[in-house]
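Only one chain is given next, in structure tokens, and it is the form predicted alone.
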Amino acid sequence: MSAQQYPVQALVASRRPHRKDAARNYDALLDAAREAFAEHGADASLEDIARRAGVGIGTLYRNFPSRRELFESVYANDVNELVRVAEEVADREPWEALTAWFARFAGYMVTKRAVREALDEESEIFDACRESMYAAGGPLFERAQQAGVARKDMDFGDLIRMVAGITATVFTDDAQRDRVLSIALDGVRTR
């Protein structure tokens, strides 16, 4: 698939600075924000995010003039990562490719919960991200169905909702989340 099929890639590229030092700070802020949102939800402190990134609060505001822009950028970057993973696993066996993508999707859902609290799901960013996510993951599911290793009585939207529902639960640790996800995906696999 070409980058033109993924609106989120253009969105991410347009927001990321081109200078190496500025791009490094931008990436560090996104990583720190993702971590803080996973721990504290939408109420994570911007000062804490700047501290975690090793930059001053002024650098945070230079990159993200509003809290909303920070949430949108974290969300778009996470979806962009899902697109990258889909491209990376596309050559694997159909079932392996699908489960590898959903393993990354489960991690993405942790951040999405915090972002959902802060953003209006009718925003342009949600549309671009949803379109990109379906364009990246949908073909992996269709390929698994065509290979006869995934149920044909469901569509990709059903599968996304199932996994999103499971990952919305609080788990004791990532291993438990991964185990429950594996059990759920096993119900999608044909024998």
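For every residue, the number given is its place in the sequence shown, counted from 1. None of these values were measured; they are calculated from a predicted model.
The same protein also has a form predicted together with a further copy of the same chain, omitted here; what follows describes it.
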One stretch from 66-74, 150-158, 45-53, 28-36 that, in the predicted bound form, holds residues within 4.5 Å of a further copy of the same chain by heavy atom: 150-158
Touches a further copy of the same chain in the predicted bound form: R179 (any heavy atom, 4.5 Å): yes
Partner contact for M162 in the predicted bound form: a further copy of the same chain, 4.5 angstroms, heavy atom: yes
Contact flag, S14 vs a further copy of the same chain in the predicted bound form, heavy atom cut 4.5 Å: no
Residue contact check: I183 to a further copy of the same chain in the predicted bound form, 4.5 Å heavy atom: yes
